[in-house]
Each structure stands twice: as structure tokens, then as C-alpha cells.
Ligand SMILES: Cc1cc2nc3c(=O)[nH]c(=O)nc-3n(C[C@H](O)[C@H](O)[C@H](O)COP(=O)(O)OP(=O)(O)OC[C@H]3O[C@@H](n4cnc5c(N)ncnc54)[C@H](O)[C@@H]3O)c2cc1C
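Just the one chain here, the form predicted alone, laid out as C-alpha cells.
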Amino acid sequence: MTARLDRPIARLADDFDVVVIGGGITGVCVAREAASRGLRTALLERDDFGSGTSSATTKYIHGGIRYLEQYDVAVVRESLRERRILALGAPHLVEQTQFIMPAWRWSKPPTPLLGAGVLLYDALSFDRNVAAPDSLRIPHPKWLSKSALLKRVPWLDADGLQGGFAYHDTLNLHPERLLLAYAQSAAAAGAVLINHITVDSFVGHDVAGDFLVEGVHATDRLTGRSLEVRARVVVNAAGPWIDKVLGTLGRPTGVGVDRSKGVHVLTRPLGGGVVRDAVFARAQSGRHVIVSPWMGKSFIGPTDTPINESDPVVTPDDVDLILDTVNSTMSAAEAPLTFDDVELTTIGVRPLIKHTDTTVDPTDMSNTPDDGGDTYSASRRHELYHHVDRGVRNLWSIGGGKWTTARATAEEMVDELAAHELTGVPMRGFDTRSAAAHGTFAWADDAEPFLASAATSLVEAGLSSQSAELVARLYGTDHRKIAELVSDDPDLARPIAGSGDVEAQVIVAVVDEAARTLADIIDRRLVLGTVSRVPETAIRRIAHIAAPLLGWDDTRRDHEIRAELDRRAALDSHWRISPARA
């Protein structure tokens, strides 16, 4: 098998054991788990792999220390276990990062309770360093005095500051690329992964009052072609929209979703760029955000607000909430963040578990909470719904969950399939707990020597040092594809808009990574769309490279450029004006 993602839509005519709906991290992990065990597997994603919540994270693989405030110890323990597994499986795409939790006299919870939480968090991660190389080992937490803390984080407000607790979690350097690596792992195991395809309804028939699912009806959004994809069992992993998928059944399933909007902003670096630690910025109001140093800037968030719209956007109020929270924790010597400091925003919708009764219409958006609801304290656990108890056979849905625990959720899901619908179907042994993601140089090994060697070879091929280091990180062993392209055509080493990306990456995105739109390329194959506002010249250059590979003529290419410019302008327009200025 090959790890190449080439959108083999003709293969959807095959019969499958499992069809997965949704190409976020949970769906991708289910496809990887199922295919790796030898199951004939297809995954269908409405937009692009990881284009929703999975790419709008805080960029950490973490245990969720704040979940201890809700006494969700089981979720924290599972998350800490998975934090280690994910880091060992893709060492080139993670870094251990020190977090600092400042403690003021007015802190709620109070300082002693914060300390107890940090110690419990450490105790729950008792196996964190098993098989870990030195670069991924996590030390015990420690207390920083006020003076030591202010040296590390000079932008903090010193008034009432007592010190801070320092502990470690794992930075997910580029969630889009890590998710793609798992998608490539699934493809290498034999899974058929198709993006830009909408699941319209279920294939099946009634049997003694039950609905027997036999697959799905789908539409290829790139061609308009209708398809029927048949399978023994369907797994609904549509994240925040699992109830919308179930709504096509036309019968109640008892499953609902509380949707929570999480917004982040990318700003100038607080502290002048010298801060290397992530900081819990908790205001006296009780609100908190995480301020993370990332790609030379500060990445700040998230918000956590209930929503009832189906296509949420970032609003000025969202940005104001983040800026106000951070500014209230900052020293008077640090210039307050303003809207002018915000370069980009991201938005994701969290799928939180909600039980409904049999009278609920899952297509009715009014079933979601209004803005007075509390999603901040809602559990991040996952739940597997077997719909046979509601008269629907051969269908499962995955509710809740989080990025960090997606692998464990997938393992549990495939175990359930083996025990129910796929009993008797031959499966081979496979343990994702010790399996590297595609592109990983070596499982549970220090990535730095490999990265240094890869960067050297890329520089020799013609890339700048900045680009070589970035490409080595993003692609791992696949950096050779970039080197080969550049060796054949040195012009492909040209950087794109100062991001560190090079033009050869556009070719790899289309040919090997199933990118089919400009947004796929810019936002999820390159880093360009995640580190700054994208200039029109860069969009045009990327389109010129991609067009012949995608079969676009000049008219289609110009249409795609204009559509992408309009899309990005529309996203900005929702939040660019502060309420105070309106």
C-alpha cells in the first residue's frame, strides 16, 4: 500500500467493512485503526481533512489540568496516557513545553488548591517518561518564586503576584500536519480517504420495524456526482455535527450535541518575544486563556461559549473577550493588546455530549443551548452510541472526545465493531500505542539528529536554512520529496511570502496529499495560512503552480483565486472592527 492521498474516488464502488463519516482527528484515527487491523475501510469528509475543529485547537496534546476543577479525573488520566503515546509516535511534530500557572493573592482556586491540582496532575502522569527519549522526558512540576516568574514572564502583573507553578505539557506544533500524517498512515494501511464529499443519507431498508444500514448516499462536491458507498457498518464521527448526520434517518436516536465555540487569536509576541513558556492567564473575573509562544508570535485562547448557529464566525466580542482577559493580567509596562495586534483568528466547534429524549428532532438547531449555558465546565469525555437500541442496525456514532484522546477512542470503537457487527471478520493484530505516524523518523526516538540531517540535505538541495528546518519538521521522512523536486527544478526552492514554505510544497500538497482547493493548500498543507495574513501575491502564485496539476484552465484558476480572496476577506470582516469603534 502507499501513504499517498490521491483521492481515489473510483474505489468507493468497492464493498467495505467500515465506512467512517468525518475526517477530523477522531474519524481519521478510526480509519487508521480499522485499516491497520485489516478491515476494508473508507472515510468520507465533507470539506478537507482536519478543516474543522481539529485544526482550530490550542495546539497542545495535553491532559487537561483544568478538568480537575470539574473532578473529571478519568478524562485527565486517559489524556495524560495518550499524551505520551502521541508524542512517542511523532517526535518531529511535538515539543515539550513548560506551562506556568501564576498564583495571585486573589486567585480562585486559591494558591494551595492550585498547587494540589498541579501535584495531582503530576501523579496522574506517573508513566509519562516510559520509553521516552531525553528530548521528550517530562520533569516534575516546581514552584517559581515571584522574582523567578517575572524573569521568565516579564509581562505579568506583579501586583499581588505570589509566584507560579511550572509544569509541562506537549506542544502539537502543527495540528494540521500531524492529522495529515495519521491520514497517510490510514492510507498506507489500505484505507480509502476522500475529502470534499458530502454524506446525504443512509443506504438501507426496513427489517421488522428496524432500519438496516447498508452504507451511505454521498455527493462528490468537486464534480456533483452522486455515489452509493456500501459497508457492513457505518461509524458516524462527524464531531459537532453527528446529530445532523443522524437527522437524515428521519427517526429519533436519543443523541444530541452541545456545541461550544472556541476562538483563538494570533498576535504580536508578548514580552518582546523572549518568553518561552506557555502561561495560564487567569483574570480576576475567573476567565482564563492560554498565552503560547508559537512561530515567533503569541497564540492566545480559547474562548468557550455555547452556540446555536450552524455556521459560527469569530465576532468582535470573541476577540474582545480574549484581549480583555489577557490585558487584565499584564504589567503596566507591557502595552495592552488591541485589535491592531491581532493578525489571525481561528474558530472551532467543540462537540460536547448531550442526551436527548425520543421526542427531540436532531435537525432542529434550537435544541442547542443558548448563550447562557455552561460549556466551560462540561466534560470532555467521549461516548460511543450503538443505535441498535433505537431500531437502527449497523450504525454507531461517536460523541464528545478531544484531540488528545482520539487514538484511544478509535481503538475502543474498532474493538466494539469486532464484538458486534464485524464478529467473524478476520482481523490482524495491530497496536497503535507503539506505532509511528507516517513520516516519523523513528518511534520513541529523539527527532533532533534526524531533523538536523534532513535540514542539511534540504539546504544542499537549495533551500534556505529557515525553509529547510521548517520542511524537515512538517514532512519528516517525506522531506525527500521536496528535496527531489527542488533538485530537478531549483526555482521550486523559492520561499512563499516569507513563511518558510517553498513552492515545491504546493506540488506535494496536490499530488501526494489530496489538496483540491487553495484553502486546502494554504491553510492545511503549508503553514502560510496559519502564521500571518496571506498576501494576494502569494495566493496567485500558489494558484499558478497548482492549476495545471488540478486541471484548471486560466478561467477556472482566476475564479478560484477570486473566490479564495473573497472567502478570506469575509472571515476577517466578521471581527476586524472592535465594538468600541463601531
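Since the structure is predicted, the reported quantities are computational estimates derived from the model, not experimental observations. Numbers for residues come from their place in the sequence shown, where the first is 1.
The discussion below concerns the form predicted together with the named molecule, not included here.
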Counting only non-hydrogen atoms, which stretch in 331 to 339, 260 to 268, 160 to 168, 452 to 460 is within 4.5 Å of the named molecule in the model of the complex?
-> 260 to 268
Look at the candidate spot formed by 38, 232 and 414 and say whether the named molecule comes within 4.5 Å of a heavy atom in all three of them in the model of the complex.
-> no
Find the only residue in 500, 89, 401, 476 having a heavy atom within 4.5 Å of the named molecule in the model of the complex.
-> 401
If you check 493, 281, 197, 191 against the named molecule in the model of the complex, which one has a heavy atom within 4.5 Å?
-> 197
In the model of the complex, does residue 240 have a heavy atom within 4.5 Å of the named molecule?
-> yes
Using 4.5 Å between non-hydrogen atoms, is residue 541 touching the named molecule in the model of the complex?
-> no
Report whether the minimum heavy atom distance between residue 203 and the named molecule in the model of the complex is within 4.5 Å.
-> no
Although the named molecule is absent from this view, report whether residue 62 comes within 4.5 Å of it in the model of the complex, heavy atoms only.
-> yes
Could you list which residues of 8 to 42 come within 4.5 Å of the named molecule in the model of the complex, counting heavy atoms only?
-> 21, 22, 23, 24, 25, 26, 27
